[in-house]
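A lone chain, given as structure tokens: the form predicted alone.
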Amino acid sequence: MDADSIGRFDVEVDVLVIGYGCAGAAAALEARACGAEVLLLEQAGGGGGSSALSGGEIYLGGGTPIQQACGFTDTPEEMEAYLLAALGPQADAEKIREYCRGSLDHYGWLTGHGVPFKPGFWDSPTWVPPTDDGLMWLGENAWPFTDIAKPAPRGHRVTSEGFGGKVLMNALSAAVEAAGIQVRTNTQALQLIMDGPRAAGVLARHFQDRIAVRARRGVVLATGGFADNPEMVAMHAPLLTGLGVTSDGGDDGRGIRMAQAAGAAVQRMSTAQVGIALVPGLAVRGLLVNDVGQRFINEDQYPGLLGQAALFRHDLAVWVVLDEQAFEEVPEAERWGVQPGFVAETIGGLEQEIGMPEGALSSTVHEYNRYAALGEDPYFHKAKQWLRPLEPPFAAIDVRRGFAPPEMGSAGRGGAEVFTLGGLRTGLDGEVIDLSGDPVPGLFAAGRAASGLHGHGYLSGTSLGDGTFFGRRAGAAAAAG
């Protein structure tokens, strides 16, 4: 809506940040550090958003104190090479370069704002470690990436029992309060207010009252993605239709649509993180196969990449095939309630139970066992530590049956839960780009509302990392006017 149609503004500040997850908190803190008067708007009853429900991994590297304490060396160049490969195709090379070069500084910024990391290392594939160790592999030590960059673990996990997102947001929220930043909760942004071509504020609703907020220097959209908006999902990412969503329920695409109404461009809207109901410790000790019994990926890659391959290439019709030893090697607490749905004394019997073509799975397991006995995997190059011949009895887990992460209690989740990665096209400082390729004056975006580092790929920690890093840059740019 046009600023001329506003009789008067109810509130005026230098920088307005919409959305109080990790990206919004980082933007507000940086804008305030630059001397700006800042207001944070949040549609929920408190800050946190989807960030607070996350596992709490932040992708950091280049030789952080945690990496050094755990005995690992790393460089920004190796980090950049891995991210370009793992987040591709069409990963944002410029943003990845800036992110990697600024990683050590960003680690210092996070810890300086009270975010805790413990110098301990978890050395097994998992979604979230069952310990409070502060460092974990996120696929850096898996082929084909070992041929591209020197492996170093970069999953920096916020110190927590269970999922660490809540600890991250508690720290950032305390910093926001200490900085004297104004926060208005239960306040939903409705429309951008434009002064000619420039974003000048927002019309919002607080319960039954409408509030016009003027932003003298800039508006930062940190409103999350659109996975909770079925219409947007059907329009932009139809393969995600009907799947579960990893969010706080508020990823409704509101900020994206508000900016589009002002001429903003979007990009990579079909991309998504796919968390399939697969226990990485079980999959890596067995085989991941499709509905005709064929392996299709290296099982010790980051599990989110397994999920993307399972959904986008096989419509989630995939099974984890393993034996009794593989199952028992994973402690019960780390199985997240998963039980095999099919069990047989022979591989032929197992493929019959599943309904696979006769001889298909048998051929795959025979070939796998033949090479595993030699400590080799010529097809997908799984790390030697996970290789051994599978022995009867055999079992198969249908990932579509779901599992129950401890943080979700008995509710569990179905075969896959997703969140969107595409969003507003932005520059290195979070400036929103319009359809002509020019910045929309006064308008910035960060977090899942923006199209950040990611191409088609995803790694844990690149949401919280991307959101806080580029949230900071967006906040500083907005404060500069």
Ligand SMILES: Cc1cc2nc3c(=O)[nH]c(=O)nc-3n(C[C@H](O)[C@H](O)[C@H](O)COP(=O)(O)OP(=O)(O)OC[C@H]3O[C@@H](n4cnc5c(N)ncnc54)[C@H](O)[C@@H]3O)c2cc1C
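Residues carry their position along the shown sequence, with the first being 1. This one's a predicted model, so the numbers in the text were calculated from it and none came from an experiment.
Absent from the display: the form predicted together with the ligand. The rest refers to it.
> The ligand isn't shown here, but in the predicted complex which of G55, G415, G422, G62 has a heavy atom within 4.5 Å of it?
If I apply the 4.5 Å criterion carefully, the residue I get is G55.
> Given that the ligand is left out here, which of R254, R268, K95, R285 has a heavy atom within 4.5 Å of it in the predicted complex?
Of R254, R268, K95, R285, the residue with a heavy atom within 4.5 Å of the ligand in the predicted complex is R254.
> Within 4.5 angstroms, counting heavy atoms, which one of the listed stretches 422 to 430, 34 to 42, 62 to 70, 435 to 443 is next to the ligand in the predicted complex?
Contact criterion met by 34 to 42 only.
> Consider V220 of the chain shown here, and say whether it contacts the ligand in the predicted complex, taking contact as heavy atoms within 4.5 Å.
Outside the cut-off, so no.
> Please check if T187 has a heavy atom lying within 4.5 Å of any heavy atom of the ligand in the predicted complex.
Flag for T187 set to yes.
> Give a yes or no for L16: in the predicted complex, does one of its heavy atoms lie within 4.5 Å of a heavy atom belonging to the ligand?
No, no contact at 4.5 Å.
> Within a 4.5 Å heavy atom cut-off, is G224 in contact with the ligand in the predicted complex?
Although the ligand is absent here, G224 would touch it in the predicted complex, with heavy atoms inside 4.5 Å.
> Which residues, if any, of 6 to 22 lie within 4.5 Å of the ligand in the predicted complex when only heavy atoms count?
I18, G19, Y20, G21, C22 sit within 4.5 Å of the partner.
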